Ligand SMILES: C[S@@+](CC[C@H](N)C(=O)[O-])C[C@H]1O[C@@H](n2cnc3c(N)ncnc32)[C@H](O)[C@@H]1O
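The chain that follows stands alone, in the form predicted on its own, written as structure tokens.
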Amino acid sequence: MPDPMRPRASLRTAVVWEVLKDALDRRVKATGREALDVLDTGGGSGNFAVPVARLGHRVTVVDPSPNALFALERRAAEAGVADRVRGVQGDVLGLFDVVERGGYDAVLCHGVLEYVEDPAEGVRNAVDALRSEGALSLLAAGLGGAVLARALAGHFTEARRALGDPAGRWGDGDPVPRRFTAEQLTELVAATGVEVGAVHGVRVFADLVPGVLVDTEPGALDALLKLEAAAAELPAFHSVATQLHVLGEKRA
């Protein structure tokens, strides 16, 4: 996933990035500490971790890929935040083999639940890593966006299969093991006792608009970003979003 601070890449990340920044700002004000401890589980090469570190926070990235962690180290060094970013090899299901419980003001769990055997356990671990009143940022693949994309590509049988499949898969060649509805994600979060603050549809339009239009039409990128932001919190668009974002807060 591209760096959310880069303009073209922001089509895919802008909604989540703005919500995350606001959540971190609120935690800064609530704790009275300018530098928060942030955990990014499945954070890969630092697409969110490095921008978060640029805000002055300390970020621990847990990822199973040594190559991704090497890229994270390089990216953090290039951004001048190597002293605030730490990479650790591991995964969300074995999270407490490598990090402490209750040690973080915010936990990011982006693009992880699609790939783990037990999503409920993954969410529980992410929540258990939070301090009291800490913020949970959860991002996962949306079922409706995949169905819509297959249908618009003319793959109607695959679209129907995804619609009826318990995991939201359109076929054996589907690279995503599992997709979610907004209701399924909020239920996973609520089951841990975390208070769901907001649900956002991500990439509602961005994956459907031809790239050449965004790149060549004056003002198109900015207009599309504003459209994505306007639609993100409207429940009517959650059912067609490529990804779904849930923001929660751990109760005291």
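Residue indices: 1-based, along the sequence shown. Keep in mind the model is a prediction, meaning the values are calculated, not measured.
Missing here is the form predicted in complex with the named molecule; even so, the following discussion is about that form.
K.L.:
Spell it out for me: taking the named molecule in the predicted bound form, does every residue among Gly142, Gln184 and Val189 have a heavy atom no farther than 4.5 Å from it?
P.N.:
The answer is no; none of Gly142, Gln184 and Val189 reaches the named molecule.
K.L.:
Just one of 126-134, 112-120, 97-105, 152-160 has heavy atoms within 4.5 Å of the named molecule in the predicted bound form; which?
P.N.:
Among the candidates, contact is made by 112-120.
K.L.:
So in the predicted bound form, does Asp91 come within 4.5 Å of the named molecule, heavy atom to heavy atom?
P.N.:
Result yes; Asp91 sits at the interface with the named molecule in the predicted bound form.
K.L.:
Using a 4.5 Å heavy atom cut-off, state whether Gly56 contacts the named molecule in the predicted bound form.
P.N.:
Close contact is absent here: in the predicted bound form, Gly56 is far from the named molecule, nothing within 4.5 Å, heavy atoms only.
K.L.:
Look up in the predicted bound form whether Thr60 has a non-hydrogen atom within 4.5 angstroms of the named molecule, and give yes or no.
P.N.:
Judged by the heavy-atom cut-off of 4.5 Å, Thr60 is well away from the named molecule in the predicted bound form.
K.L.:
Is there a heavy atom of Gly211 lying 4.5 Å or less from a heavy atom of the named molecule in the predicted bound form?
P.N.:
No, Gly211 is distant from the partner.
K.L.:
With the named molecule taken in the predicted bound form, which residues across 192-206 come within 4.5 angstroms through any non-hydrogen atom?
P.N.:
Heavy-atom contacts within 4.5 Å come from no residue here.
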